[in-house]
Structures are given as C-alpha cells and as structure tokens.
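In the block that follows, a single chain appears as structure tokens, in the form predicted alone.
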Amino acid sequence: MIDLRELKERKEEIGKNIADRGMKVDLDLIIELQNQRSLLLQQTEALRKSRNENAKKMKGKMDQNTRTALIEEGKTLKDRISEIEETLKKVEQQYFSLARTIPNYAHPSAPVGALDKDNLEISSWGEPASFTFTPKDHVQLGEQLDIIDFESATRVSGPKFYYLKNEGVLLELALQRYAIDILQKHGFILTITPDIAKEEIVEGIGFNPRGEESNIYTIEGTGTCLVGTAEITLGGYHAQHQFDESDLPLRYAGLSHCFRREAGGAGQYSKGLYRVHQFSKLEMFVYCTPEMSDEIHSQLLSIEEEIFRGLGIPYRIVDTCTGDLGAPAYRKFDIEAWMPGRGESGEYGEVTSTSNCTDYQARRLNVKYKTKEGETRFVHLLNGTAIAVSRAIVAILENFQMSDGSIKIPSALVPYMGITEIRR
C-alpha cells in the first residue's frame, strides 16, 4: 500500500491517480475512518493514562470511602477502555481493508488510458515474418504435429488446459533451461518455488484471492491459494524481514507452475495456449533500495529483450497505460511478440511484462532494510517475466513454421533439444 500518512497531504494527487487507473475507491471514507481511528487511539491512550494514575492512587493510604470510589472509577475506566477498543478494532478493520484498495502511485511518464490499446509503443526489434504461403496458427500446427492436445485435456480437465506431447515436451523444457542459463549468467539466485501460498501473502503482493473478479484459485478451507505467478512466492520469501543495505540488491529467479481462473478470458486472441488455466513460467524478482529501482527496472527489460532476441522472435515494447498497470505497479513495460497466426494477418501478443512496484508491496509484506546511517526504510520490489513458456511456444511455432507444416527450431534452443526441426 501507499504511505497512509500522505492521504490528506496528497489527496488530490491520489484521487487523480485512482481516476487515471479507472478504479473506484472512496477516498473520503478512508480519510474519515483514518480520523476516527486517530481520535479513538487518543481516547484510549488518555483512558489508559487515567487508569494508571488510578492504580497508583490505590497503592497509597486512604479511608474506605475514598478506596471504594477509586475501585468504582477503575471499573468504569476498564469498561470504557474495553468499549473503545472494540470500536477501534472495527474501525481499523474497515480502514485498513479499504486503504489496501488504493493503488500505487503511477510514474509521471506512464501513458494515461483505460485499455491496452492506450499503451504506448516505445521501440521494436526484428521484422515480422513474411511467408510465401498462408501461415497457420499454433493450434493447427501443434495438433498436426502431434505436440499439443487440447481435446483430450478438455475432456480430462476442462477448457483452457492442454497436454504437451513428443517434441512439445522437449520444447517446453528447452525454453526453461535456455532462460535459466541466461538468468544465472546475470547473477540471479535460482529457485523452484511452491505452487501454493497463504492468502495473506497473495494479498500482500496485491492479488485478490477472493470474489468473482479474482484471477486466483483458492483452496477451500485451507487459507491458501494456487499461485498465479512466482512473483507471489518470491515476494513472500522475505516477508516480515529486515535487510542491511549491504545485502541489496537481491535477484531471484523462480520457476513455477502458474494457475489462473481467466474469468472472462474469451475471444479469438485467447484461444489455444495464449490464455490457459495452467502454464510454466520463469519469473525474475528483485529486492533493492529506492535509489536502485529505476535502473534495475531497465535491466529486467533488457534481459527480457535478450531472451527474445536470442530466439529470433520479432517484438515491440510498450509502456503500459495507467488503466492496464494493475494496483501494485508504478510503471510497467510489456514485450509483445509478433504472432503470425493471430487475427487475420498477424498481430503482436504480450509475452513478458516487467514492473517496478516501488515500496507498495513491501509495505504490505513488511519488508524493510536498515541504511548505512541506521535509518529503517521499506525496500523496493520489482518483477519481470523471463519466459512464460506457453506464450513463447505460440510465438515459436507461428514464426518458424515452414510451408510443409514443420517447425524450424531457433538455433539458441538446438543444443537443449538436440534437433533442428519438428516434423511429422
């Protein structure tokens, strides 16, 4: 969350940011609850002080009438404190619950807009593939080559699941290892994370684990969820922790399965592997000081570019608009790969994103560091997709398809797969 001490001072700025993101937050009610909480805390403190003074008086010598009066006064103070504390508990619960809905501040340069069409293209690399034949989409290619089976997965698990088969399995594992080797070269600590996280960690990262709008699967009766990304488990790794400044930055790479409800995720751009309920992803996650975060954000984007340039897949980079940022992100860049089978004549589709979440998640997870001068501050947290395997497979199949339906393997993956093409 943001620093709640700034609510009144920066109310106009916070309100504009909420509007720019297309969100609805009752800022006036939150400030009113903040005032109520402050008053109740003052009243509680004053009553406790009176109770302490009453207790001191009880230790002195006095007549019976005075003692009886002090006992009655003590009981009254105790009851009054209990009453106010109960009211304070209810006010705090509502206050912090609503305060957590306030989004992070947005970077001044983030484009203002409501939908992904308002994202701003800032650069591109590579030329979209040109074919002498009508290209197929990855669903047709995968089924004809017997490397993806959607029909059986739908029968066994339901829509938006899939089986990878034969060389499809090798391609998935090759992409994982290819990206892992790049992150290891850049000094990331490699992890395979749990696929389950406690609800408080999910909420701390900024995901909503409950309700119809949630994109997260909850495990009934356990207080846990299936993770939608390793960002959740990597962010929770150091929850309630305090670093020394010399410990930072810390760079983690987390390989995990990702589970998403994808409620409302329909349409031609969501078919096949592009939007599924389960997929594998290698995530980058960084703990750093505020002074480092802008530079590290650029570094994460550069690594994502390195991965897709190495695969030879054309892409563009977009600066994500305010309405598409998500509550935790201060600024987010997406890489969109060219997908020849998307739409009538090919379209760009998102394959990675990288976000600087500043101290928004750290405040919720209570992750701090001590400066060299001894000051305690919240860390900045950043995340970035190294490879979302299912979407990378979409881009590879569609960009490297041949006229006979076979797929040429990108040269960077050949050492991992041991083959140069997929054909039947």
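Computed from a predicted model, the values in this text were never measured in an experiment. The first residue of the sequence shown is number 1, and the count goes up from there. Throughout, rigid core stands for the largest set of C-alpha atoms superposing within 1.5 Å between the two forms.
Below: the form predicted together with the RNA, not depicted.
- Shown alone here, residue 78 lies within 4.5 Å of the RNA in the predicted complex, counting heavy atoms only.
- Using a 4.5 angstroms limit between non-hydrogen atoms, residue 371 is distant from the RNA in the predicted complex.
- Remark: residue 310 does not count among the residues lining the RNA in the predicted complex, judged by a heavy atom distance of 4.5 Å or less.
- Though the partner is left out of this view, residue 71 does reach within 4.5 Å of the RNA in the predicted complex, counting heavy atoms only.
- Contact with the RNA in the predicted complex holds for none of 140, 157 and 411, as no heavy atom of theirs lies within 4.5 Å.
- Stretch-level contact check against the RNA in the predicted complex with heavy atoms at 4.5 Å: of 45-53, 352-360, 380-388, 395-403, the positive one is 45-53.
- Applying a 4.5 Å heavy atom cutoff to the RNA in the predicted complex picks out 37, 38, 41, 42, 45 from 21-45, in order along the sequence.
- A displacement of 2 angstroms or greater separates the C-alpha positions of residue 68 between this form and the one not shown, with the rigid core held in common.
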